[in-house]
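First, one chain by itself: the form predicted on its own, in structure tokens.
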Amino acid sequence: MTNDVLVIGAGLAGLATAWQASLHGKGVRVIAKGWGATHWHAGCVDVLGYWPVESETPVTGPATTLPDLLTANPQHPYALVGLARLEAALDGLKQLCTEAGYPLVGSLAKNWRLPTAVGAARPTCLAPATMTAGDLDGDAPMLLVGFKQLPDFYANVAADNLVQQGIPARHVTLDLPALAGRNFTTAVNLARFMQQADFRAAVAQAVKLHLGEAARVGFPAVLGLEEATAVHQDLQAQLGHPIFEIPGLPPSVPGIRLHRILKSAIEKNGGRVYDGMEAVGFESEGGRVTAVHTETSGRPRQHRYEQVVLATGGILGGGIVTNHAGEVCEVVFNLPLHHPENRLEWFRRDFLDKQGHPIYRSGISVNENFQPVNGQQTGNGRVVYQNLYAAGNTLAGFEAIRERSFDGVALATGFVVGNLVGN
């Protein structure tokens, strides 16, 4: 394999970058300290859930709202990507997942409104077909199913909150013989159980006793790891009702499915993906990154590649850190950051303040080619290293949490950067 592109970070942005670069025949390596946000997000693609960010009304269709966002915030990563390339990124991921037998459904025209594990409505653009029957724009009565041994999903809480919003919902918690010997289980373990035909039959038989007037049935997102579509279809056929998954606490089974699809695509194209490789330093010469160092038990290992992409995430992903002296730092290249200068302004008094916490807006300023620049504003300043690019939630210029744009920005910027370094 030629040493063409090194991607630092294995979240959605890093994997999307490597996927696209490998499609162009580039020799790609992904290195990461651990797996990224795919493992703790919902396994959907949230493009834009709220705009303006102060609004309490979710965006019904990103296609009609995004132009307003780009006008109001021309430094937003979506402005650098452009609507055409954003749509191409979504279509590319949909095609990849369809070919993998795990279709994602949706478009920029309309957001889904899917239930969360606590019964709130979450706007998202692309969702697995295993989830879409739970769309809350429909008022069909639902039965939510929990498992006694799965402490990360309480069907009663979700159902009660949905009822408060006028959505007919009941709940049942199953205590199946196959799980009776366990005090608790995880979503990943339960997903493996769901791949067993006899276990699914026992689940279906138990649920049938409680269907009543329910027109659809919701489960925690545990309907298989490698065979989610087959598990979903089989259980749906046994119950005779549409069924849907509800994402819960990490680790995210739908996120793991998406991660595996992207990783498989990269490896199919000759790329390699490694975890347990933390980037801790670098070398540079003549305005270019000449080597990236990863930590080992002995001395740092050197990785020498023609082009390097930083996709380590923001503060939530560990790509940006703070310290007791009030400094905000990018962890690999010590790149200039856009961030609140006064640490007394990092956080607001209330944890759930509707204005969000300014520290989470910290990020790297980049130019139109997603190269980090010396400047507080995206698009301005001098390029730091000619062969270094940045993608995902390590970028400045947006508010991923309040906008509900985390996955969309990660996918779109990774997609674009992957094509930039691939050409």
Partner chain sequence: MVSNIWEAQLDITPLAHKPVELTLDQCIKCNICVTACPVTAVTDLFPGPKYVGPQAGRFRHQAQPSPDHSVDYCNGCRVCNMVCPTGVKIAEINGRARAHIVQSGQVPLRRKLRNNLVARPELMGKVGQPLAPIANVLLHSGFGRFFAKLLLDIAPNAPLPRFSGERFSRWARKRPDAAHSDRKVVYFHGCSTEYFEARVGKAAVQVLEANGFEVIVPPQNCCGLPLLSNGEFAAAQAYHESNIHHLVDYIKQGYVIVGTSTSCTLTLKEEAPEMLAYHTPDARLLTANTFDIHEFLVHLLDAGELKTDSLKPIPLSLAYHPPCQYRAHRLGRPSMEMMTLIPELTIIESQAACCGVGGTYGYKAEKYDITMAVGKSLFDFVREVNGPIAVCDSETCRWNIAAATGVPFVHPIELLAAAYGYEPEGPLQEVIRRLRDCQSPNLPVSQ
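Residue numbers count along the first chain shown, from 1. These numbers come from a predicted model, not from an experiment.
Another form exists, predicted in complex with the partner chain; not displayed. Remarks below refer to it.
Q: Is P67 part of the interface with the partner chain in the predicted bound form - any heavy atom within 4.5 Å?
A: No - in the predicted bound form, heavy atoms of P67 and the partner chain never come within 4.5 Å of each other.
Q: Using a 4.5 Å heavy atom cut-off, state whether N156 contacts the partner chain in the predicted bound form.
A: Judged by the heavy-atom cut-off of 4.5 Å, N156 is well away from the partner chain in the predicted bound form.
Q: Check M277 for me: does it contact the partner chain in the predicted bound form (non-hydrogen atoms, 4.5 angstroms)?
A: Yes, M277 sits close enough to the partner chain in the predicted bound form that at least one of its heavy atoms falls within 4.5 Å.
Q: Hey, in the predicted bound form, is E295 touching the partner chain, heavy atoms inside 4.5 Å?
A: Yes, E295 sits close enough to the partner chain in the predicted bound form that at least one of its heavy atoms falls within 4.5 Å.
Q: Establish, in the predicted bound form, whether R200, H210 and G255 all lie within 4.5 Å of the partner chain, using non-hydrogen atoms for the distance.
A: No: none of R200, H210 and G255 comes within 4.5 Å of the partner chain in the predicted bound form.
Q: Looking at 386-394, 47-55, 362-370, 32-40, which lies within 4.5 angstroms of the partner chain in the predicted bound form, counting heavy atoms?
A: Partner-contacting stretch among the options: 32-40.
Q: Which residue, D234, E227, E267, E87, is the contact with the partner chain in the predicted bound form, using a 4.5 Å heavy atom cutoff?
A: The residue from D234, E227, E267, E87 that makes the contact is E267.
Q: If the cut-off is 4.5 angstroms on heavy atoms, which of these, R301, R343, R348, H241, is the one near the partner chain in the predicted bound form?
A: It is R301 that has a heavy atom within 4.5 Å of the partner.
Q: Of 160-195, which residues get within 4.5 Å of the partner chain in the predicted bound form if you count heavy atoms?
A: Result: R182, F184, T186, V188, N189, R192.
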